[in-house]
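Next comes just one chain, in structure tokens: the form predicted on its own.
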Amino acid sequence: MVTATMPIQVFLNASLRRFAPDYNPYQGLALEVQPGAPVSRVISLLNLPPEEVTLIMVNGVRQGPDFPLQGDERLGLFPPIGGG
């Protein structure tokens, strides 16, 4: 049985970009994942340390690592951000 995959566009921000050689911040990364795959699966596929991903945005809405992806989404991953 062939399992369908779905496209998503992943954007890494700030220090997370160091985990993706040749990352293009204007295009992001195009990935294919299983329907219903949680965001945590994408984090794992990209070999990102989960503790370094502190903000997850799916189509501009904050979500958690267990959020199921449905396809054709824009996934933004952010590290801890400090400021003052």
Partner chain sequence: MSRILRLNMTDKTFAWQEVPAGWAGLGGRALTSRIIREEVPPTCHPLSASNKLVVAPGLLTGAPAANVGRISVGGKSPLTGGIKESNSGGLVSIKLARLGVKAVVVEGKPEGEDWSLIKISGEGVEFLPADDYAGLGNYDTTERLWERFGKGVGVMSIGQAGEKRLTGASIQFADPAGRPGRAAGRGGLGALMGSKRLKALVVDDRSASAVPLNNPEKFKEASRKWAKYLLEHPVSGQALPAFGTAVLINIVNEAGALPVQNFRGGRFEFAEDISGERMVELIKARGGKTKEGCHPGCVIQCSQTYHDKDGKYLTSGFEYETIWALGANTLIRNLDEIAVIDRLCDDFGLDTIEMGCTLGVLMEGGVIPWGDGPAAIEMVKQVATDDAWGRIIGNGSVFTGQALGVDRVPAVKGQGLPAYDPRAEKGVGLTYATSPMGGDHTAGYCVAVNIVGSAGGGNPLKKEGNIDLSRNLQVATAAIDSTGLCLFVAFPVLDNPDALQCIVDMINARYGLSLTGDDVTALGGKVLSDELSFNREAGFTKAHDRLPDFFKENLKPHDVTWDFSDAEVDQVLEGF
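Numbering follows the first chain given and starts at 1. As the structure is a computational prediction, the values presented were derived from the model and not from experiment.
Just so it is clear, the following notes concern the form predicted in complex with the partner chain, a form of the same protein that is not shown.
The partner chain in the predicted bound form is not approached by residue 70, whose heavy atoms all lie more than 4.5 angstroms from it. Heavy atoms of residue 7 never reach within 4.5 Å of the partner chain in the predicted bound form, leaving it off the interface. In the predicted bound form, the partner chain sits within 4.5 Å of a heavy atom of residue 59.
Remark: residue 45 does not count among the residues lining the partner chain in the predicted bound form, judged by a heavy atom distance of 4.5 Å or less.
Residues of 28-45 that come within 4.5 Å of the partner chain in the predicted bound form, judged by any heavy atom, do not exist; none qualify.
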